[in-house]
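Structure 1 and structure 2 below are two forms of the same protein chain, each written out on its own as structure tokens.
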Structure 1
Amino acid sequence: MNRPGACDDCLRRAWLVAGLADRIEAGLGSARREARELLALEDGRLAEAVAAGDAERILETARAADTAAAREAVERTGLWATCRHDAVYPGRLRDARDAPAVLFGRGSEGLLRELSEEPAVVTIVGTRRPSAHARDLAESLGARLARAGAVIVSGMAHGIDSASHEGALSAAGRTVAVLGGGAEIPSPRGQARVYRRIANEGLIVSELPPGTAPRRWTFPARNRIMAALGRMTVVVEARSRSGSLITAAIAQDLGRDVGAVPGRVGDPGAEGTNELLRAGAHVVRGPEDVLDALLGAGAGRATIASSRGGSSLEPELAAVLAAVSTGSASCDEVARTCELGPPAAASALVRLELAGLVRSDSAGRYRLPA
């Protein structure tokens, strides 16, 4: 297997973008141009666009940049780099016209290769301030999709993003975080714990060379990478002007599937997702709907069922699980349906709950996880 690698030209481009980061930030304010638009420009036009007077000098410096020193900086920070011309560069990323020249990253190189081949790569995004319900839902979506074999891509932001990463990690599944700053440090800092776990068990990537601090524009910019990596983008909860909607729009542009979790009508917190649904996004009620959209109708339930390891359960637990799967049930109802004594039913329900196969709510009723 080849190790990830990057050619000199692509590295120079990456450092050029990083060098222009502050000017891009300023240019977005005055020229009102989208970061994506700028990033799609080739070197000369990009420098022209954001640094009209200085363009020549900047380009000159970039051309003369010492790529050996750049490679050394990458190694020193424990990262690797892969460029468009490399075999392990994620295939789906090439679909984007404005795809980054280089991806810097750390974590599992195996997972980097699998990103190109795996049919079920799901990007989960949403608000940084979710309702408790939406946060639970994102976590369980991450966990159950990962358990069914999907790769979960997200942006490690507070809220929905980190919840879906945590879900995937709790299921010992595969997850990829795309950062808005250099890949060697967690951004936002508050997610350092999740960052460490993903670095050990998953994959962390960024288009920005090590040492680059996140700017305002780098977050919508990394959204295009998330949208391109996933075969489907699911928005769990978003307000009407949420950044997640940018990710969904880019995914749509790239011809990817877009799904949204329905929210309560009139709830401002779910206005964005409901708007997506009205515009024709897939309705996502659970992992089954995501897998159905990706793998064909009916695939979802089958995949989920096999990932539950239904066959490995004791017959009594399997019967209790079946009794719960038709909707929510109290301990008494389960005991009656399965013809078990209350002690046996209670004990079976708790064992299933401990295994993560059922959940209980505050009214003492058990149901399948969301």
Structure 2
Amino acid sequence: MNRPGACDDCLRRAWLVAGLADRIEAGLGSARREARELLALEDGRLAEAVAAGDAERILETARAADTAAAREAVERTGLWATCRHDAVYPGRLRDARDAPAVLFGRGSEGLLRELSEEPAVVTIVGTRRPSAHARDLAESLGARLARAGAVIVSGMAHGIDSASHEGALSAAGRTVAVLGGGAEIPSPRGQARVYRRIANEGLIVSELPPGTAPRRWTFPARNRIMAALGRMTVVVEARSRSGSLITAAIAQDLGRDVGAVPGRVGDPGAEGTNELLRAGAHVVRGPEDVLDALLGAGAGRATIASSRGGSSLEPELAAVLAAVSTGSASCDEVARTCELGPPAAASALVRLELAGLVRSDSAGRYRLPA
């Protein structure tokens, strides 16, 4: 099996973008969304747009770049590179007209290949300052989706992003972090522990060459990669002007599904997600809703139950487990959902709890473990 590889022209393009990073920053001012428009330009027009007076000199330098030295720099930092002309470059990323010429990566090359074929790749995003409930929900969503076989994509930022990665890792699942700086350095640095785990157990990618520091524009720019890789983007919690809504908008532009977790009306932290729902986004109450959207109605319940061991359980226990996974929290609710008598439902719940497949709280309400 061939290793990921990048051609000379694409490597030069990647180094050109990195070399223009400060000029792109200065040229954008506060209009961060315009980075996508710049990154869609071919080399000459990009240089002219952000460095008119020096454009020709910059282009000459880029054309003369030593690609052998570039490859050595990539290998020296423990990374690999793949470009749009490489068979393992993610097919979904090619859908974007501003797709990066190169992805620099660290971690599982096998997972890189799977990104093109896996039907359940879910991008999870949200605020960097989530409520405790939203953070727990993102972690649970990442864990339960990963346990059901989905690949979790996010940006490793503080808050919802890192929580979704941590959830996937806790379930021994597959997760991909897209960074706004070079892939060899944790970004933000406060996520060094999560970075190391993803590098060892998952996949880290960036369009920026090693040694490139993140800028303000590189974070919304990396959002387009996150949106393109996922078959569905889920926003867990976001204010009305959140960068997560940019990711959702890009996903919609690419024809991807968008989902949002409902929030309390009047809560500023839920304004963005509620706006998405009002505009027609899928309602996401749990992993079943995501899998139903991606794989077809009813797929979520069956997949989640199977991932919890439902396929090897007695039919009655499997039905009770599926009921809890779809929101039946009390014994009475489970009994009604499964058309069981209360004693039979209670007995099944106790057996499932003893097996570690459900948990109960002090109020006698049941849920799946995170």
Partner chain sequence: MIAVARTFSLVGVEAEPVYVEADVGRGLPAFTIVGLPDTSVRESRERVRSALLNSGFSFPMQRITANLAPAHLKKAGPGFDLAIAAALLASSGQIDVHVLDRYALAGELALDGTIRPVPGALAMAEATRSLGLQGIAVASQDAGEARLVDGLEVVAIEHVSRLTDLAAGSLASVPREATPDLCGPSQDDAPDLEDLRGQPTLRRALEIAAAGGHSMLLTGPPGAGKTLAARRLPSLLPPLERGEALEVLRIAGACRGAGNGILPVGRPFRAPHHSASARALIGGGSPPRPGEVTRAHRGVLFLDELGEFRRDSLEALRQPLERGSVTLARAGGVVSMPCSFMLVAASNPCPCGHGRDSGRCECNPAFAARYASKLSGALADRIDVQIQVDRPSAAALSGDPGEPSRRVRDRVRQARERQESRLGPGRCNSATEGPELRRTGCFDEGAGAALELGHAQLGLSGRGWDRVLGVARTIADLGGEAQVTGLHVSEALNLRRRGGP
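Residue numbering: sequential along structure 1, first residue numbered 1. We call the rigid core whatever largest set of C-alpha positions still superposes within 1.5 Å between the two forms. Every value quoted in this text rests on a predicted model; they were computed, and no experiment measured them.
Peer 1: Tell me which of the two, 1 or 2, is the form predicted alone.
Peer 2: Structure 2, which is the form predicted alone, differs in this respect from structure 1.
Peer 1: With the core lined up, does the C-alpha of Leu349 move 2 Å or more between structures 1 and 2?
Peer 2: It does shift by 2 Å or more.
Peer 1: Taking the rigid core as reference, does Leu41 move its C-alpha 2 Å or further between structures 1 and 2?
Peer 2: Where the cores coincide, Leu41 shows only a C-alpha shift between structures 1 and 2 that is less than 2 Å.
Peer 1: Upon rigid core superposition, what is the positional shift of the Cα of Ser325 between structures 1 and 2, expressed in Å to one decimal?
Peer 2: Looking at the C-alpha of Ser325 between structures 1 and 2, the offset is 6.2 Å.
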